[in-house]
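As structure tokens, one chain now follows by itself in the form predicted on its own.
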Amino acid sequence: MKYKTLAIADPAKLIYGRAPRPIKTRRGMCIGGGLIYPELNFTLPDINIRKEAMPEIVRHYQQIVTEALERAAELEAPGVMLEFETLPPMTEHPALGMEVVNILLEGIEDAHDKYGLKAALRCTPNDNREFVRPPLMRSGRYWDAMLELFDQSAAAGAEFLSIESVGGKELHDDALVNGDLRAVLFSLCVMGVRDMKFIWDHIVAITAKHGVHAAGDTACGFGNTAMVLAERKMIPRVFAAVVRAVTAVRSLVAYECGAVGPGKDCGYENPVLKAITGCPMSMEGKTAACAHLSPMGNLAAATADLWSNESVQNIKLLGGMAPTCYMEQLVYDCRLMNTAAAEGEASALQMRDWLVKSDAGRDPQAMILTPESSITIAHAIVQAPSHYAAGIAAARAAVKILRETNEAGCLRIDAREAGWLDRMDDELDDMPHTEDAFIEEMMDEVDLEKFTPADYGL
């Protein structure tokens, strides 16, 4: 489907815990139905993942699910989501991944039997297709194994399927380092869009087969890479902010193919997607510091329906194992926001606005994702006649937001970066009027040894 209007056009309605299209889990959680729930994301400490190490790996995941859910129950969480992001060998060899899926599902069942805790599992196979050069995007053993793991995990009881897909990344990393907005648009809105449609048609078919939910993708490898590079002062923050706006065009394709959310936590573009689709979204911010730093640690929670932490290793901290400690942090954050919401709409909006105002003026990447900015970018996307045009429109909207908020004194932009707004405007003015013309130009410019054009219909 092509979204032509916004599900949320009023910034006051783009708020945490509420979505026009809530999702109910088997145990009765209603994501987007009024409460914000914690979503725990976890991983292993440094272990060489192989068949011989599986007894140790099994012990880790058993400990994670048992102790984290016990703590959630002790803190009276109204429900929790667990996300299992597979490590590469677990997707390459689905039997290894399924061993962990079954451990987590058993732990969820045990916690319900013991404590009455409502919990659900999101399974996120990692995208191994880039493990050959140039990547094989539509065939080969990595593609086949990934689909097998999706199918088996859904059949076993994982209620939500997600992925951090990588189509277009072959060119995008260089585009970021070079500050090349044209190459960013080609990577995200031509290559990325085509790959998203291919992969999400398959995922939606699998979820329909098993009666589970296609939850959504994330442009983590694109937008978050830009964010990390900006934090390290390797690229301008204003450039990373505009890249983030464009990533929404790519991630939206999952919903156009039939995904229903909740969108994956590391997709910081999710507020834009929520405005367009009305689907609930997971977000991460300050609680993701175990994996990466960000300039929007509070603001990210303002529109979240699940509040997550990104991958935390199962290591011992003074308070307990790290996933258990992070579960506690997530539960307390959600408790505070739910308490504000229970006081009424005015209190919920006050809480949301505090979360936004604490970050928005300090960094362009935060300003671009305020409720007002998200709706502006969302509107630009749905009005565009094609994904290519939507990418240009999203970038234009982002540059305008940054320029106007900076001139109004609402946003702090480093003086060394101000010229980048003019530079990006000039690049957008020079973009070809049609996607076909753009593709023709870019195919003469890009390194064809880095990707297989036929895998993108090019």
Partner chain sequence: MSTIEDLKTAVINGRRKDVQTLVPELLESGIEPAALLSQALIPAMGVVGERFKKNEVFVPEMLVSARAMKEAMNILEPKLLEAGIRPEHTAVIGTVEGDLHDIGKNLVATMWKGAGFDVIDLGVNVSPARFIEAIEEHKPHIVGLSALLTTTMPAMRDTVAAIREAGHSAVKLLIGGAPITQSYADEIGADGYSRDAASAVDAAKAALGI
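Residue numbers count along the first chain shown, from 1. Not measured: the values here are computed from a predicted model.
Not pictured, yet referred to below: the form predicted together with the partner chain.
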Q: Go through 168 to 176, 202 to 210, 102 to 110, 363 to 371 and give me the stretch that gets within 4.5 Å of the partner chain in the predicted bound form, heavy atoms only.
A: 168 to 176
Q) the partner chain isn't shown here, but in the predicted bound form which of 151, 85, 328, 130 has a heavy atom within 4.5 Å of it? A) 130
**Q.** Interface residue in the predicted bound form among 52, 407, 430, 46, criterion: non-hydrogen atom within 4.5 angstroms of the partner chain
**A.** 46
Q: Decide if the three candidate residues 197, 216 and 218 all line the partner chain in the predicted bound form, where lining means a heavy atom within 4.5 Å.
A: no
Q | Partner contact for residue 225 in the predicted bound form: the partner chain, 4.5 angstroms, heavy atom | A | yes
Q.
I'd like to know whether residue 70 contacts the partner chain in the predicted bound form, with contact meaning heavy atoms within 4.5 angstroms.
A. no
Q: Classify residue 420 as contacting or not contacting the partner chain in the predicted bound form by the rule of any non-hydrogen atom within 4.5 angstroms, answering yes or no.
A: yes
Q.
So in the predicted bound form, is the partner chain close enough to residue 313 to count as touching (4.5 Å, heavy atoms)?
A. yes
